[in-house]
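Shown next as structure tokens: one chain only, the form predicted on its own.
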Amino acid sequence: MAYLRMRGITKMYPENNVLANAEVDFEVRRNEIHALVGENGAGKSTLMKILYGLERPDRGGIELEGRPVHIGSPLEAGRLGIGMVHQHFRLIPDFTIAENVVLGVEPVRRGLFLDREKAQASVRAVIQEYGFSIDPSLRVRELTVGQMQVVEIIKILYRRAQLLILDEPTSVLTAQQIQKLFLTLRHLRDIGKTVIIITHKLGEVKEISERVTVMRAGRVVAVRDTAEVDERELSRLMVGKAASLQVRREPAARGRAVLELRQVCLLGRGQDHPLLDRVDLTVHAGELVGVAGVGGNGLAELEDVVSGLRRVSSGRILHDGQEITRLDARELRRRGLAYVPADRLHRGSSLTSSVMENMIIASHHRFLRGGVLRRRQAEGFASRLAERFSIEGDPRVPIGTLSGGNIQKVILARELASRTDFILFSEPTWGLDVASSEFIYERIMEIRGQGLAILLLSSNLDEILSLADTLVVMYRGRVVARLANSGAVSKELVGEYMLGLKEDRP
């Protein structure tokens, strides 16, 4: 008998006429690690939100251990033993691990005050029960990304979850941290827990799961024993064709130095060490420089500095040999900087504005006559870009109604439509499915071949190793390695640099 059974789950979003789930049947056995895969917009996240009580289905039902259950909220899900670790951690940096874990179910004294000693003791007991090795008195801001992942798991185990849902749990982890996470998940399975893992990484599906459910266009298209299906077949099931994400990277025809960072430092208020510490970096025309690093080690700050959103504390930034250190984002765009940010929803787009408005924002002056928008010309421009970049969605609808992959394509189309010789990509395929990632990679290789200088910031090692000509690794705000990506560089080696276990002091 199935431990969890979801039957005929249907969910329609009438505001944008999207059928997210269409008569979905989904089953999970007790004590298994079950992978749920599919393209962005396939419906897997909606299905798991329904299971966790964040969304309510229009039709269908849920059974747990053969008993019909109603899940109207995460609180009700928790009472039924269902917990969820979200892709973006929900932790308060200035709180301790113990304070984060007990938040919402705090032990109190005198009926009013948080009993910190009891909180630490009870969290420490859970840590010991499940074999973790972490101090509950540490503050979250002191933790690595891998440790934060562990804290999120401890949070739901503290609430006695039996069924754990993990949404893209490896998206910001190094190879070594992923292996530690997988050891944890196998241990939880072996002591009686059941795990559902949502992931786009098909290699990880093969490594960690016993069974896999594949969704496409809101429906389940296949359920397979993982041992009996390879990555190519999973890819074909997900997108309707085989997509290997193998990138053909011709030797770089490296030209002039387009962007140079010289001894760049960035100081943060209240920080013990610089956020960026004497960073030297050069990107040439026709070259893709990939910068790898675990979250919290300088990638976000490097993105802000290069895009003009933060001023450096010291050092110089040059574009074509000219000083641009003090230019802001508006002035950098006038010089031709193109920028695809990590935060596509808030920094890269205006969610309530139309697709067309988002596409023309960087070049809107081209469509003005006497201060009035020439709408027909703007819509024609947007339609041509939508066709060229395979964007699914009416240019007149709010961009927020599109899938993550299509929003990213809109941003990419807009940035490449401007005249530029340099483009900054930050986490360009974060959370995207195989087909969308493949499309983005093809466009990146295309513009590299056209002679653009490209700076790619990414925590995805497969992405960095596939695309970069030169690989730079950052740890605690410093460049600790600069490697020619000849094909001999391994994920394990880069992971050692990312974790601070190795440093070349380039």
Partner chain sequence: MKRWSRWRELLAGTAGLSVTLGLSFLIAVALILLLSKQPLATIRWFFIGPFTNKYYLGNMLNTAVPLVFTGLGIAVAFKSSVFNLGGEGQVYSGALVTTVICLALPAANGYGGGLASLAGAMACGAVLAGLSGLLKMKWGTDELISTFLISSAVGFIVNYFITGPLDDPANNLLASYAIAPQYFLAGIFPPSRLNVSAGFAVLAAAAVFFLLNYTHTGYEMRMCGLNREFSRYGGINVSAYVVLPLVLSGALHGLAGGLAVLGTQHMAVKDFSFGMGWNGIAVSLIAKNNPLAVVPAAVFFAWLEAGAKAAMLHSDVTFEIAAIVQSVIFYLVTAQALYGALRRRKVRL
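Numbering follows the first chain given and starts at 1. Please read all numbers here as calculations on a predicted model, not as lab measurements.
The next section is about a form of this same protein that is not shown, the form predicted together with the partner chain.
Contact annotation: of the candidates S436, T174, S349, S209, the single residue with a non-hydrogen atom within 4.5 angstroms of the partner chain in the predicted bound form is S349. Residue H364 is the only one of H364, K180, R278, R236 with a heavy atom lying within 4.5 Å of the partner chain in the predicted bound form. Only one segment in the set 249-257, 163-171, 410-418, 317-325 has any non-hydrogen atom within 4.5 angstroms of the partner chain in the predicted bound form, and it is 410-418.
Proximity of N297 to the partner chain in the predicted bound form falls outside the 4.5 Å heavy atom cutoff.
The closest non-hydrogen atom of P274 lies beyond 4.5 Å of the partner chain in the predicted bound form. Interface membership of I360, defined by any non-hydrogen atom within 4.5 Å of the partner chain in the predicted bound form, is confirmed. Proximity of A121 to the partner chain in the predicted bound form: non-hydrogen atoms within 4.5 Å are absent; the residue sits far from the partner.
Across the proposed site, P341, S353 and R375 without exception bring a heavy atom within 4.5 Å of the partner chain in the predicted bound form.
If you take 294-315 and check each residue for a heavy atom within 4.5 Å of the partner chain in the predicted bound form, you get just L309.
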